[in-house]
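The chain below stands alone and is given in structure tokens; this is the form predicted alone.
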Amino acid sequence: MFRVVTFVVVMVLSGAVTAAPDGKALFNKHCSVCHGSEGKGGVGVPLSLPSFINSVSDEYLKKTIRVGRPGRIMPAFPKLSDAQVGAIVGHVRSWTDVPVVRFDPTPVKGDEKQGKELFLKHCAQCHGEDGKGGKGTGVSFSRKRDLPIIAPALNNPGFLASASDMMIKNTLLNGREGTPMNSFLAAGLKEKEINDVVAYVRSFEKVEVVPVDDKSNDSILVEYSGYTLEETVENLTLAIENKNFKIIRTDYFGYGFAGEAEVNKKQVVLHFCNFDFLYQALSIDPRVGMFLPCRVNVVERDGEVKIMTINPMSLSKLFNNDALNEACKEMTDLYKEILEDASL
């Protein structure tokens, strides 16, 4: 017995016993950028909202952290340990004194066909006719948004994997005070009708999730030009303008980082933009500004001229936003056409 106690004391003094994860620190690192440091929301939903935190189980929160919301803003965190996930959930729980809701796996039986009719009448205005959720990200931005809180995507595989039937039903029964989500009972629906809506929402699991077209997997788009550097730059300028983009400026790659005599004049950068497209893209997701305005690099090395630009599709994948994927796919196609027009 003495040896065991001595061993434990030595382990503690030597720091060999692993400290419990710091839930607040983990939340600030992984979650606060979207949900706010105090859980009041932003890009993500307001986690500290009483009508939310007091209505969801720990299992729902843990599964949400694990699987995220594919195609939306919420990423998955598969690399966090169970202890780390538990610590984050524990920190989120610190925002309420209400006892934790028990996870109830009881399935809800209803008429899926009738549920669809009720969904289209009572839910589609916020969640979309196909359950894809409200538009936009919820980021503060000088633009019109559909709702003060973006309605979640109910047909999302991450949501359906995390939310039990009873959680969905209770949300419909009680609503979410502080959000546009009202009680369906207060709206006059009967419990059987609410069960029908739950059955229809659960039916979204049967819908095949079409993966994002990932053929343009390279992070950089490249074309080789048969023209001189100067001719290629001139061709690019015409190709860009023919696509209704405005040239902002043309300079050398090292401009501003080195003296004029040291700048490599075999490396040229064309900056351009279509301001209508820019505004539309920013309206979808302001983070797109990280790789706008558009740029194309022209480099000559050993007599070979190469045209290069970033592939928007490769960056779009990082943002987990289906609507942004569409805009980036359009931008990628435009880039390819511009590079081909300038090099052929």
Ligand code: HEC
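Sequential numbering from 1, following the sequence displayed. Predicted model, so just to flag it, every value in this text is computed and none were measured.
Separately, the form predicted together with the ligand exists; it is not shown, and the next lines address it.
**Student:** From the list Val233, Val108, Met181, Cys273, which entry has a heavy atom within 4.5 Å of the ligand in the model of the complex?
**Tutor:** None of the others qualify; the residue that does is Met181.
**Student:** Of the options Val268, Leu154, Ala199, Ile240, which one has a non-hydrogen atom that comes within 4.5 Å of the ligand in the model of the complex?
**Tutor:** So the residue touching the ligand in the model of the complex, by this definition, is Leu154.
**Student:** Pick from 243-251, 96-104, 165-173, 219-227: which stretch has a heavy atom within 4.5 Å of the ligand in the model of the complex?
**Tutor:** Single hit among the candidates: 165-173.
**Student:** Each of Leu278, Leu282 and Lys336 near the ligand in the model of the complex, meaning some heavy atom within 4.5 Å?
**Tutor:** Answer is no for this spot.
**Student:** Is Gly90 a contact residue for the ligand in the model of the complex, using a 4.5 Å heavy atom cut-off?
**Tutor:** Close contact is absent here: in the model of the complex, Gly90 is far from the ligand, nothing within 4.5 Å, heavy atoms only.
**Student:** Check whether His127 has any heavy atom within 4.5 Å of a heavy atom of the ligand in the model of the complex, and answer yes or no.
**Tutor:** Looking in the model of the complex, residue contacts with the ligand include His127, since a heavy atom lies within 4.5 Å.
**Student:** Might His35 be said to contact the ligand in the model of the complex, defining contact as any heavy atom within 4.5 Å?
**Tutor:** Flag for His35 set to yes.
**Student:** So, Leu47 and the ligand: in the model of the complex, are they within 4.5 Å at any heavy atom pair?
**Tutor:** Yes.
**Student:** Across 28-67, which residues bring a heavy atom to within 4.5 Å of the ligand in the model of the complex?
**Tutor:** In sequence order, His30, Cys31, Val33, Cys34, His35, Val43, Gly44, Val45, Pro46, Leu47, Phe52, Tyr60, Leu61, Thr64, Ile65 come within 4.5 Å of the partner.
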